[in-house]
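Quick heads-up: it's one chain on its own, the form predicted alone, in structure tokens.
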Amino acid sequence: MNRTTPCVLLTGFDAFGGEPVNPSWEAVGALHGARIAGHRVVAAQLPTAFGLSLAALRRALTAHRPALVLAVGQAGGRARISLERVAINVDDARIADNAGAQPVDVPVVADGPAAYFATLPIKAMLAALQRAGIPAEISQSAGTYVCNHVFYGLMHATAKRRGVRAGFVHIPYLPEQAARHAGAPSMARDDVVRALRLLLRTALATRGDARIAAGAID
């Protein structure tokens, strides 16, 4: 593929917490090499580890110089695609990460701002998913684990890169994971891949957020 073609960076995580897979990487990896709205898609796997994840993210940003970045993570227990609005400057881990670290009340970036908002058109993206019949919502919290760590670090890094827009999406368990968690909601991999394609296409086509009709947002 032509390396001069503008790039979109998708990131997912490796498995953690005893799970055999991470749905974020299963879906993101499936889109590596795709072409969406004139952009080539590059997928990068991040370790589910504080610090190490941001080092891997920074390497990917430097190597690929993307115009747009969408980070994706697993949110077991959620039933919908969750478009995250805000990243906060705190690591507070309920369980240890894959490197054994378990920070408590530690800033992601020392002396960084308290929070960053996603710079993607999340309301337009939500409306696109809902029109396609894909369960989706806007979320006001990405938690305080590695997902939020990456989200905050991503927004901090791209704040210094002119023209780069970025955000974070949480996705449910895959059906095979949900079978291990009685009653947990899930979403098929192909549906998540379809949702990610639509999210990228909408974000690339929408510079500012669209006006959304009343009732379109849960």
Ligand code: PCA
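Position 1 is the first residue in the sequence shown; the rest follow in order. Nothing here was measured: the structure is a model prediction, and the numbers come from that model.
One more form of this protein should be noted, the form predicted in complex with this ligand, which is absent from this view; the next part is about it.
Quick one: is residue 74 in contact with this ligand in the predicted bound form, heavy atoms, 4.5 Å cut-off?
-> Yes - in the predicted bound form, heavy atoms of residue 74 and this ligand come within 4.5 Å of each other.
Should residue 108 be counted as a contact of this ligand in the predicted bound form, where contact means heavy atoms within 4.5 Å?
-> Residue 108 lies outside the contact set for this ligand.
Should residue 11 be counted as a contact of this ligand in the predicted bound form, where contact means heavy atoms within 4.5 Å?
-> Output for residue 11 is no: heavy atoms all beyond 4.5 Å of this ligand.
Report whether the minimum heavy atom distance between residue 83 and this ligand in the predicted bound form is within 4.5 Å.
-> Taking the distances in the predicted bound form, the answer for residue 83 is no, it never comes within 4.5 Å of this ligand.
Only one of 86-94, 108-116, 144-152, 129-137 gets a heavy atom within 4.5 Å of this ligand in the predicted bound form; which is it?
-> In short, 144-152.
Relative to this ligand in the predicted bound form, which residues of 5-27 have a heavy atom no more than 4.5 Å away?
-> Residues within 4.5 Å: 13, 16, 22, 24.
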